[in-house]
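As a starting point, one isolated chain is supplied in structure tokens, in the form predicted alone.
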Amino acid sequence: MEIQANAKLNLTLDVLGRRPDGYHDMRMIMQSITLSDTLTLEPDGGEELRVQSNLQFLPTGEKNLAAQAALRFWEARGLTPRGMTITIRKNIPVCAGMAGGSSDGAAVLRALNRMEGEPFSPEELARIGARVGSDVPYCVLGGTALAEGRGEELTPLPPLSTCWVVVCKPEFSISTPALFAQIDRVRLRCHPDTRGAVAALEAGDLEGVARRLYNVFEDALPDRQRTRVQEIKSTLIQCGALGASMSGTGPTVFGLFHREDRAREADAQLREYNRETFLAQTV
């Protein structure tokens, strides 16, 4: 079976505080886009679970979230693991704040559920995904959703109006644990108007959502990286983006566009200096 794994963006992202278990309470609006990985699942009748990818540095064993998802699925079914090769064609940038690994894991859950005759509802599948990673439940369901807690508490929202999205990952990566540690030390300038963004979604107001794009992790970036993120955001706005922000713990930056021609102009400008630049649409 072949299945797509869509990338996600954070339209808003707020960190509410550190929890007793060491994690952080979050409140964020998540959005799927058409940029995606392609996964192929091939049962082989053996006993070994293998993961392979076009990126040689990705883990091929149980450290890969795709393999973990398969193991958690069979565990939930009360079955022993089965022999299978999972092939991942990566298009979503790695370590980019777009839930690429989580989306791959979610795609494996959806694919196995179909192959087994859909024993689990989407909500049950999302609960299985929570045992794989915090973003996996959202990636199972996709679309537009409010995510709270560690990200596993989901409330579906009215879909964001279909629009063009330009996504740009700069040349560096960011350590997620280091950024979470830094967010506890910095004084945040402000917090996103998530309630206002939800109201704009309910009204079908794309511009209203775009005006409220905000990610508190931008305040926790080292100076040089924050400057680079701001430069990309400025390019997107100058090309006609309705709004721009960083996704997740970054460093990927995205802009929302009404007009395809302006989105293509932004894509072309950013692609001159940033290899991992993509033109997509909302899902």
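For every residue, the number given is its place in the sequence shown, counted from 1. In this text the structure is predicted, and so the values were computed from the model without any measurement.
The same protein also has a form predicted together with a small molecule, omitted here; what follows describes it.
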With the small molecule left out of view, choose which of 162, 155, 121, 176 has a non-hydrogen atom within 4.5 angstroms of it in the predicted complex.
176
Identify which of 134, 194, 182, 113 has a heavy atom within 4.5 Å of the small molecule in the predicted complex; exactly one of them does.
134
Among 252 to 260, 221 to 229, 22 to 30, 235 to 243, the stretch whose residues bring a heavy atom within 4.5 Å of the small molecule in the predicted complex is 22 to 30
Just to confirm, residue 72 within 4.5 Å of the small molecule in the predicted complex by heavy atoms?
no
Residue 82: heavy atom within 4.5 Å of the small molecule in the predicted complex?
no
4.5 Å heavy atom contact, residue 127 and the small molecule in the predicted complex
no
Given that the partner is absent here, does residue 90 sit within 4.5 Å of the small molecule in the predicted complex, heavy atoms only?
no
